[in-house]
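Only one chain comes next, encoded as structure tokens, the form predicted alone.
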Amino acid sequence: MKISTYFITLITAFGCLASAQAQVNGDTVIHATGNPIIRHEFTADPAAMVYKGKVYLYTGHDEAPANQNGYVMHSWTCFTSSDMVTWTEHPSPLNVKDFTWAKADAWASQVIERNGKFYWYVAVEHGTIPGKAIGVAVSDSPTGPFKDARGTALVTNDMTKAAKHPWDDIDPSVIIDKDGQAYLLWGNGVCYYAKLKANMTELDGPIKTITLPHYTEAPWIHERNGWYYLSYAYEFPEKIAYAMSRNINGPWVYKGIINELAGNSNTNHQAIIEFKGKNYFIYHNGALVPDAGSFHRSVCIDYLYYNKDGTIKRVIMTSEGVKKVK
């Protein structure tokens, strides 16, 4: 079931005002003209990748029953677009069950391409080592299917000691630097980072930490014009803040808030991309069914703008969303 029957009438009525969808060769094609962009199911924790003229949007899938006070998430979703308005949903390319060592929770994730292969870093609940863990799946296609690349977790809770709780190993973000070195960042309460080996499935050296003001979770790292940007969820309920550096290893200089509280969602999770000459801020809020609360979230997209000195202007959250690009 893609969405609780408690909400189906509301979502159908609300969604028809701003989007239309159709089935094409087994895929769902969505034409969105406002935020949230996906209205036939709940989507959360967006990550995006630009590859060969398309945006690949990967999200978690909120499936909690009506009025449940907690997350229920079993699989991840994949959408593609060539214009930021018309989105095609592909069959779910990855499920928690694809990791035999995991038992629950398809939490935040990110996909990156290297040498023609696609690596999907995910946060799940470990089956035998108490706490959250980071896994990695691999595919020859950005739309999958993906399979466990290791057969074991990449990061487990017994490997990280800076935070004193069992859910600090969540929200992976990955970047390949200009010199070819890949880095993995993650963490709740503490921002961890480590180098990855060229095979993208093993850590290459010690796990280090980055000190950031009011850091909560959801690191996202990207590079632009020689600047590295590390954005993250700030306090709780969560805003999005960011820091800048000329070197991926720091020092990082805090620059302020990008995104304010997002609707009635206590959490916030962002992806930042450049596509066809425009910059986009992708996030989730709780606007699809306002009474559903923080456990039924929906992905939105708005424009992101940089100042001349490279700093980021505050994102203006809109119901209109973004326009089609050629």
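From 1 onward, residues are counted along the sequence shown. Values in this document were obtained by computation on a predicted structure and should not be read as measured data.
From this point on, the text means the form predicted in complex with a small molecule, which you will not see here.
Stretch-level contact check against the small molecule in the predicted complex with heavy atoms at 4.5 Å: of 48-56, 285-293, 28-36, 267-275, the positive one is 267-275.
If you check the small molecule in the predicted complex, you find no heavy atom from any of 136, 174 and 220 within 4.5 Å.
Site annotation in the predicted complex: the residue of 193, 119, 252, 71 reaching within 4.5 Å of the small molecule with a heavy atom is 71. A single residue from the set 230, 154, 111, 108 has any heavy atom within 4.5 angstroms of the small molecule in the predicted complex; that residue is 108.
At the 4.5 Å threshold, heavy atoms of residue 170 reach the small molecule in the predicted complex.
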